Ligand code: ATP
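As C-alpha cells, one chain now follows by itself in the form predicted on its own.
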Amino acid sequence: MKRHTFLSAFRPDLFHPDESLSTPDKFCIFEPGKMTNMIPIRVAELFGIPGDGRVVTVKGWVRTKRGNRQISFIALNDGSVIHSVQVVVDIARHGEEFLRKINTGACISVTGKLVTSQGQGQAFEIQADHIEVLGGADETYPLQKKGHSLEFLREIAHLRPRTNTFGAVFRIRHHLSFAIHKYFNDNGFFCLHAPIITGSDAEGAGEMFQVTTLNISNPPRNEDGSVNFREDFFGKPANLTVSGQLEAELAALALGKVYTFGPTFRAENSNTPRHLAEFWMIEPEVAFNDIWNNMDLAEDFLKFLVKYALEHCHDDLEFLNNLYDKELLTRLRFVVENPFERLSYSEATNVLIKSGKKFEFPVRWGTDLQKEHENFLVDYFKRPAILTDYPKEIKAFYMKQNDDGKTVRAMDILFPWIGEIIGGSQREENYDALLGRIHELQIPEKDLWWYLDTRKFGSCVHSGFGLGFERLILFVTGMTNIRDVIPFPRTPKNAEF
C-alpha cells in the first residue's frame, strides 16, 4: 500500500481540497461540501503544516475567548503542546447566542481552514467553518484567565493539568519516563517488575504501610494478645514496598544488568517540599560493577536524561524558565557539560567544618548530612558532587564494608537545590560479612533467607543505585515543591483524587 493511500483512510484533515490524490504526500479523499467525519489533528502537528488554506479539524479545551462584535478569537489547546491555536470565528455566521455557549473550559471541535495569521502572537490560525460544543463549562469553572497560586491548584488537582504550568510539567514527566526506558534498553539492561507488596523492609527504617485483609477493629489474636497474622491473606505481616532494590539484586545475579521503575511508599510523617508518601523510583543493579563503575553509570545516566529533556521538551522548559526560574535552562546545560565532583564523606565534612559557616545542624564526622550541607557543597564546587565512603552507622545493612571497618562503599549524588538525587552503593557480596551486619542491626534473618542465599550460590561484586523520579522532575522543571511534579500527590492527611 502506498503511503498516501494508507494515510488517506486515517488523516483526511491533512488533505488540501484543491489538490488531487495523485499528488505525492497528500493524505485524504476530500469530498467538497462535506465536513463530516473529519479525523482531528493534534495542535502539536499543526506546526509542521503550512498555513495554505487546507481544511483541518481540531478538538480541545477553550483557554480564552475575546473579540468584538464582528469577530471572536478563541484560544484552543488540546494538551499536545504548550501553545494554543487561535480560532477565528465570524460572529454573524455562527450567531451570538451559539457563541455564548463557548466559555473558558468548554470542550469544542473546530473544522476550518488553516491559514497564515495576519495578527501578532501566532504564525497561523484556523478560520472556523464548523464548531461543535462537545462539553460546556459554566461560570463556576475555576481556571479563569488570571493567575492562580500553586497551592490553590493543588486543591483542584483534577483540573490543574489544563493549566500551562502543569501541562508542561506532565509532558516533561512523560518524556523523562520514556528516556529512562530508552537509556537502559539501549545499554543492554532488562526491565524487572519488582513486587509492590513485600514482607521485607529494604531500608530498615520501619516506615512502611501495612497491607492486610484482617478486620482492624477486631483482628484475630494469639494467646499472648498479639495479632495472629497467620490468619491474614499472606499468612504473615505484609507491607507496601519502600524499594525494589533487593529483588533487582537477585535478578542482576542472573541477567547481569537490570533496572526497576515503579511506585514505592514511605509512611514518613513529613510535610517538607521534598517528601511524598507515594513516589516512583528507578533502581538499576549491575553484576560485576564496583563503586567506581557505579558512579560512572549514575553520572552518565543523569546527563543523558537532562540532555534528553533539553532536546525534546524545549518549549515547555522555556516556558518554565521564563515564568518560574530564569536560571533553569542555564543550570540544565551546565549539568550536561561539566564533570561531577567526586570526594569522600570525610573530605566533604572537612570542607564543611573548615568553611566556618554556622549551619543549623552542626557538622561532625559520623552524622548524616542535611540539605543545607549538601547545598553548600554543590555551591562550593560549583557543580554536582558525588560523595562516597560514608560511616556504616548511617547507611543500610547491604552496603559493602571498607577495610577500615568504619565506612561503607556508599555514594550519594548531590544536585543544586535538590540535594541528594541519587543514593547507591556497592553491595556486600560476602556472605559472612552480610550475615554479621544483619545480626549487628538485629534484622530478622528469617525474613532475608532468600537474599542471603545469593551470597552462597555464585556471588560476585555488584552495585546499584536509586533515583527518585519526582526529585529528578523537580530539578529539570525548576518547580519548588514535589507535590507539583506528580499528578495526584499522596502526603500526610491527604489522599484526595
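A residue's number is simply how far along the shown sequence it sits, counting from 1. Treat the numbers as computed from the prediction; the structure is a model and nothing was measured.
This next part talks about the form predicted in complex with this ligand, which is not shown.
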R274, E420 and G466 all contacting this ligand in the predicted bound form, non-hydrogen atom within 4.5 Å: yes
Though only this chain appears here, would R471 touch this ligand in the predicted bound form if you measure heavy atom gaps against 4.5 Å? yes
When the contact criterion is heavy atoms within 4.5 Å, does M281 count as touching this ligand in the predicted bound form? yes
Just to confirm, R266 within 4.5 Å of this ligand in the predicted bound form by heavy atoms? yes
Given the stretches 92 to 100, 168 to 176, 420 to 428, 313 to 321, which is the single one in contact with this ligand in the predicted bound form, using a heavy atom cutoff of 4.5 Å? 420 to 428
